[in-house]
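For reference, the chain that follows is the form predicted alone, supplied as structure tokens.
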């Protein structure tokens, strides 16, 4: 028993100062997360939604097959069935996988490209900075829905509409990440540690992504979390317009569109209520998590 304690003590004492600082920051972040009720609730809901997106399809019936006719919620069909007899509960669960996947993938791809462009613009400066940021301004001036409609109108006969809609969402989000990273890099590159890295011969690529970017990650994490909710809303909007995920695949915006076409707002309101609640809860959860992370990671928030 004493040997075990001695080995644990030796292992703990052998940790480098950087490792100890990392563990301390992680503990402080988790403690702050538990103290921030909104962020903690948002985290729980997000984790729950991700689990549904991964495993939910194994516990529901085929959402594309009808089971009779339109019917209200019952013990057999918890959310009722739509005008084609398809189980709404199964379609909402299956739609979770589509929305969460599109939201996370869209935010992640936007973050990667936006980070690269913003880091290059902020660090290199001059004409490179001007060219990159003017292009970002041009893209940012186009609403994501309008860009998606334009892409689908121009290329919809050649490429899948769903792919074009996701690409439009990604392209519009890139300038937001690029602006955040550029501003942080402009601030960080004047610090002494960057000048020291240049003096000892580090290459620009190494300085940007090894020394500067770790100090920018907190802002990117917050913005990335909020961008997931924006992407989910945009996908739902495109689905409602018939430009997103195409039938028979279930998607929350498409489900709202189907209910609207069937004039179900009075005759079968449950066809609109449940997918609408799914969108609201998901977007609210990611926004709560993002706002909580901003309070935790931003030292200027005053918390």
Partner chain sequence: MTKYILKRLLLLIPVLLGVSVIVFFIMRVFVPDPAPLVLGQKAPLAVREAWRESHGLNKPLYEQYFSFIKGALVGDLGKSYETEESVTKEIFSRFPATIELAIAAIIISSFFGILIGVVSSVKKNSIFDNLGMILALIGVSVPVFWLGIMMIMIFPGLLHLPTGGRIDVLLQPKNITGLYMLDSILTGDLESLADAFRHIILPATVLGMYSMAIVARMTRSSMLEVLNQDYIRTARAKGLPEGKVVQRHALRNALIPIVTVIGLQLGALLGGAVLTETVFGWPGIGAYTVHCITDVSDFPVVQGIVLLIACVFVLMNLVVDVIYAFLDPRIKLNKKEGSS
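Positions refer to the first chain, counted from 1. Since the model is a prediction, treat every value here as computed from it, not as a measurement.
There is another form of the same protein, the form predicted in complex with the partner chain; it is not shown, and what comes next is about it.
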Only one of 146-154, 96-104, 111-119, 68-76 has residues with a heavy atom within 4.5 Å of the partner chain in the model of the complex, and that stretch is 146-154
The listed residue (45, 272, 53, 262) that reaches within 4.5 Å of the partner chain in the model of the complex by any heavy atom is 272
Counting only non-hydrogen atoms and a 4.5 angstroms cut-off, does residue 141 reach the partner chain in the model of the complex?
-> yes
The partner chain contact in the model of the complex: residue 245, any heavy atom under 4.5 Å | no
So, in the model of the complex, is residue 40 in contact with the partner chain at a 4.5 angstroms heavy atom limit?
-> no
Contact between residue 160 and the partner chain in the model of the complex at 4.5 Å, heavy atoms?
-> no
What residues, if any, in 215-241 have a non-hydrogen atom within 4.5 angstroms of the partner chain in the model of the complex?
-> 233, 236, 237, 240, 241
